[in-house]
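Okay, so here's just one chain, in structure tokens, the form predicted alone.
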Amino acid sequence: MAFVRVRDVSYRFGKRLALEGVNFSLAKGGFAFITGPSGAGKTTLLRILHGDLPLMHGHAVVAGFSLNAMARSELPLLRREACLIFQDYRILPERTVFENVALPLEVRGLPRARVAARVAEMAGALDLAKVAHERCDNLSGGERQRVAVARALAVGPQLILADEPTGNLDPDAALRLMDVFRQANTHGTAFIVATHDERLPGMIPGARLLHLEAGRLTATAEGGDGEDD
């Protein structure tokens, strides 16, 4: 069974059709990019896979969880395995970089020394070490985006859902972020990255490419991460 499987998924916001009949699958440890213009449905699809939006029509399995049969009480379990990096960060602005990245680790009950070591590792990988003890409301947009990425990766989820993760980054920072994603992927983390940046797919050899237009999946290209149906 595919690690992520989406079948005939459609979604409406009132009368507006945001997704229509979307189908795709991804193997465990795979990597996929979802491309398409603004308003194509990329964010809506990621939010459905994360359990933020209800599955209105169709079927979906994410990291072993059937979204059709899942109770609301199971959502925290799903989100331990599938972390969403939001386009608008969703970090705590009044807390420091260290505190934001440490929070999900502390919630899981990790010892203080392990938390500190993991935060330091992620801060180093994402060029945040110099601002580790700065409040996040003092950071630039690009730095806040990297804090959100560090927080998601710190817990070692099975799946990262990333919504325009390079949207606030300069080209060099975007390249470094893709390198961090590639390294995490080689250690088994699966990725579904929504982007309108046409450069990104070429940075991850073998990634699967999915293209959305007006809510419909209009093109796919199989890399080494897709699964046959």
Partner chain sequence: METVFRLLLRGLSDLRLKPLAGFLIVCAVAMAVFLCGLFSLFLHNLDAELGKRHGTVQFQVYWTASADLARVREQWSRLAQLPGLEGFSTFTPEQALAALQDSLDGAMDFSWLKGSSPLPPTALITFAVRDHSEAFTREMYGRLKGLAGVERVTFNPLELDAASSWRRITRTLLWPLAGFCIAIAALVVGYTVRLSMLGHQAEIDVLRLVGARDWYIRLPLASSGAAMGLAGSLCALALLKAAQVYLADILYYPPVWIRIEFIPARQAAGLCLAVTLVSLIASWLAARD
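These numbers were taken from a predicted model, which means no experiment stands behind them. Residue numbers count along the first chain shown, from 1.
What follows is about the form predicted in complex with the partner chain, which we do not show.
- Here the chain stands alone, but in the predicted complex its contact with the partner chain, taken as any heavy atom within 4.5 Å, falls in 65-73 among 195-203, 65-73, 35-43, 157-165.
- Here the marked residues Phe86, Val107 and Arg151 all reach the partner chain in the predicted complex, each with a heavy atom within 4.5 angstroms.
- Proximity of Ala120 to the partner chain in the predicted complex falls outside the 4.5 Å heavy atom cutoff.
- In the predicted complex, the partner chain sits beyond 4.5 Å of every heavy atom of Arg144.
- Within 4.5 Å of any heavy atom of the partner chain in the predicted complex lies no heavy atom of Arg176.
- With a 4.5 Å cutoff on heavy atoms, Arg90 counts as touching the partner chain in the predicted complex.
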